[in-house]
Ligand SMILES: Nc1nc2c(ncn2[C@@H]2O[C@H](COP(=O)(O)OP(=O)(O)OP(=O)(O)O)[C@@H](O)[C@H]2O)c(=O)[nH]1
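Below you will find one chain, with nothing else, as structure tokens; this is the form predicted alone, and questions on how it binds or moves follow later.
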């Protein structure tokens, strides 16, 4: 099967130390033409960039992919400071994005949700690149007007400090909605550290989480690169956004025996490995990407029609027959008969995830009552906090079943 002449070209913008590590691993995958070298690492602290290079599995010099902005000293866990420093350097950041995103059809933003730099900058950048209210009138490339913007938000371990749980909920609110209640990211992919990795958050456990996230992103990006019934990036966002269900989580099962397992069982195995706690039966959107050896596809041992029928049956069994979405088959040149499955489940009930941070959120909120102090001497105004809480509550209620 020949590779398609055209495919979705992705650009990756990662902010903060955690997001930088995921992006660095994507960059290190030389076999991924969907991304190539369209990667930009943003941070407010040079030391965090050094940690990314030293601890990541990256052989090349990352300097050309890096923009250190703001006061260069970091913002700790203060996402309001992260947003302010991004706003102060928005033109320089936009210039770097323009340089790195040449020919990109879609942008993938990556951030952890418990901290300050990524959690503060990414929601702001999503809004500003769309509205262009704070960017000087410069003739940027088509990425600023036409590109689809998808974000990956990584939830902190459940045992991390209360401030990180507080930041995560407000960060999710900002990824999903702007202050005026309008949609922010075209699609928000959620991954929970504790749900992917059951350890206590030791340093090496972050590597395992990152590997799983990159594995899912590779399957997702590949679906618009070399496949049958291609899922284009517009397919990921158009119908889900139309029904107000634009938060998703990946669910992955790899190295399944394509000669022994039926597809519905494969989908069940993938759903059991969702990246956040969720009930698939509450999903309002669902995509299925099946990656199989090219020779199996050429011999019609794996067919798009067969997978489509099986996915329809699986959705009916889960009670989500009306969920928007589609399926695709992606070939790989590896030997054997192993098959990989990625489900993207969207619009599901978010309460099982949010419940893990509820007590910590309220405890930290009470500690802020006097001055709304977030750290670094900054505060969050009561009106801002009320808006973020209301936006998240309204979005969650609209998607709860």
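Computed from a prediction, not measured in an experiment: that's the story for all the values here. Positions refer to the first chain, counted from 1.
Although it is not shown, the form predicted together with the named molecule is what the next lines describe.
Check each of 188, 327, 173, 210 and return the one that places a heavy atom within 4.5 angstroms of the named molecule in the predicted complex.
Residue within 4.5 Å of the partner: 210.
Heavy atom within 4.5 Å of the named molecule in the predicted complex - the one residue of 240, 114, 222, 280 that qualifies:
Contact check passes for 114.
Just one of 243-251, 312-320, 153-161, 297-305 has heavy atoms within 4.5 Å of the named molecule in the predicted complex; which?
Looking at the other structure, the answer is 153-161.
Is there a non-hydrogen atom of residue 76 within 4.5 angstroms of a non-hydrogen atom of the named molecule in the predicted complex?
Residue 76: contacts the named molecule in the predicted complex.
Is there any non-hydrogen atom of residue 18 lying within 4.5 Å of the named molecule in the predicted complex?
Within the cut-off, so yes.
Residue-level question: is residue 48 within 4.5 Å of the named molecule in the predicted complex, judged on heavy atoms?
Result yes; residue 48 sits at the interface with the named molecule in the predicted complex.
Is there a heavy atom of residue 129 lying 4.5 Å or less from a heavy atom of the named molecule in the predicted complex?
Looking in the predicted complex, residue contacts with the named molecule do not include residue 129, since no heavy atom lies within 4.5 Å.
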